[in-house]
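The chain below stands alone and is given as structure tokens, in the form predicted alone.
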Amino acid sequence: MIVCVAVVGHQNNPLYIQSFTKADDSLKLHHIVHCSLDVVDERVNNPKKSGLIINETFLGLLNPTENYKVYGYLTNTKVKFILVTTDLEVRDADARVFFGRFHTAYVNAVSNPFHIPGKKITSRKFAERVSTIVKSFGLSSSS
């Protein structure tokens, strides 16, 4: 189950963070997202050490913790997408599909002529698309 998704700008400023839990643990999830940015920077700055292919946007598993697994994605404009899940057995293929759909929703949101680049994403339509994508996570592979 996905518990949090985040969009972080190229200067590590949060553009969008959404929690999908009933509990009031948003501060903990913000901390997890923030800590995972260090891993993203490490992988991007040392691609040979991390085994990352230069043109690969999917960063894979960033930070496994006791209760969560954190996955990352980096766009060509250095915007980072972070996925926090409680599923211990998430397949990379499912995460790639999720990030592809999430990236498309992000591009549609920032293509709005009223959106100011680098500012928080406040579009209700984007939030609805993200919720739909989160609800469908992992369903396409089980059929």
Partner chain sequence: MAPAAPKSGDVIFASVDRVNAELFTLTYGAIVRQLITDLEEVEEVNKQLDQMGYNIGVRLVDEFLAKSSVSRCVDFRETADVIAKVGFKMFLGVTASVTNWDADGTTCSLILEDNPLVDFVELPDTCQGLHYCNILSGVVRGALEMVSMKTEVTWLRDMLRGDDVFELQVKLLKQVPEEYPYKDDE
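Positions refer to the first chain, counted from 1. What you are looking at is a predicted structure, and each value in this text was computed from that prediction instead of being measured.
Below, we turn to the form predicted together with the partner chain, even though it does not appear here.
*Asks:* Even though the partner isn't displayed, in the predicted complex is Lys119 close enough to the partner chain, meaning a heavy atom within 4.5 Å?
*Replies:* Result no; Lys119 lies far from the partner chain in the predicted complex.
*Asks:* Would Thr65 show up as a contact with the partner chain in the predicted complex if we use heavy atoms at 4.5 Å?
*Replies:* No, Thr65 is distant from the partner.
*Asks:* Does Thr86 reach the partner chain in the predicted complex if we count a contact as any heavy atom within 4.5 Å?
*Replies:* Although the partner chain is absent here, Thr86 would stay clear of it in the predicted complex, with no heavy atoms inside 4.5 Å.
*Asks:* Would Arg124 count as touching the partner chain in the predicted complex under a 4.5 Å heavy atom rule?
*Replies:* So Arg124 counts as contacting the partner chain.
*Asks:* Taking only heavy atoms into account, state which residues of 85 to 121 are within 4.5 Å of the partner chain in the predicted complex, ordered by sequence.
*Replies:* Stretch hits, in order: Asn108, Ser111, Asn112, Pro113, Phe114, Ile116.
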